[in-house]
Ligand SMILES: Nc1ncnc2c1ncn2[C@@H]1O[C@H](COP(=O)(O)OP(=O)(O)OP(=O)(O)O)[C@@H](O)[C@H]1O
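One chain comes next, on its own, written out as structure tokens in the form predicted alone.
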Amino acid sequence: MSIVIKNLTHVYSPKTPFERIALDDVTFTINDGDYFGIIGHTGSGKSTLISHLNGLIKLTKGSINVNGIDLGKKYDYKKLRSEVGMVFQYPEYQLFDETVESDVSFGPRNMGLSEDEIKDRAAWAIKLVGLNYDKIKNRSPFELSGGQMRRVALAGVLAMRPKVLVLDEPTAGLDPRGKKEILDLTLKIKEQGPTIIMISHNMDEIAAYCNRIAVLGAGKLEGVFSPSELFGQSEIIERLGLALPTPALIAKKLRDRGVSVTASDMDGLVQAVLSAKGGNYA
């Protein structure tokens, strides 16, 4: 199933001196199984958009259908929020319970599951995020390292087994090693089946992990692209004042010097350079 967004418009403080259009007639589809990126400057409408997907912001104009749930009609909020898991920026700040297991169990317990099912889901989710269930289950989440806390917060969302996982700047505040570990973990999670939607200001992450990318500018949709389409034609990125991913930036500098190459990732860059020079990439 998919997420279909049509003519979505959202206005903050309508009919007041503080009125602001956050989203303006946005239409696109997120396909089942996508690793879907959403990019744009602060204020472009990214957070407003994803907050609609699990009912944090009420739909006022346009239509959204999430895996068969029409957000324009009366719907079950609990069902929607079990379908769409949200992991906010710095999710470790959402931790609250006395032990890791009880914190991860909170969502499944609210779903009305049996205690055996709740325990099974908590153990499964904790193991999925790369933590040792037996060693960590009875520890306070606030005694863990920052990276472990982030994994526990992610496990709490995964324990609800959402069909859509929304990640808002998932690597914010992490060192390079921690960033790669979290992003590689999302690929492992994706093997379990959910569609993943990621907001990030890091174009290298977006280019390396996403198969489709929506670009927002001042509340309007600039388009939906593959990484090669978007970063191969740098005009949109430059016009919106966004950074190119490193391989695309190198490719642009090479084009400026007369070497005809286009790439959005490092493997593609190597292949393009070798092809331009008449070499082979094995």
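Everything numeric in this text was worked out from a predicted model, so none of it was measured. Residues carry their position along the shown sequence, with the first being 1.
Absent from the display: the form predicted in complex with this ligand. The rest refers to it.
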Flag this candidate site as yes only if 12, 45 and 201 all have a heavy atom within 4.5 Å of this ligand in the model of the complex; otherwise mark no. yes
Could you tell me which one of 83, 97, 181, 169 places a heavy atom within 4.5 Å of this ligand in the model of the complex? 169
Tell me, which of 140, 110, 192, 89 has a heavy atom within 4.5 angstroms of this ligand in the model of the complex? 89
Candidate stretches 35-43, 221-229, 61-69, 244-252, one within 4.5 Å of this ligand in the model of the complex by heavy atom: 35-43
How about residue 22 - does it come within 4.5 Å of this ligand in the model of the complex, if we only consider non-hydrogen atoms? yes
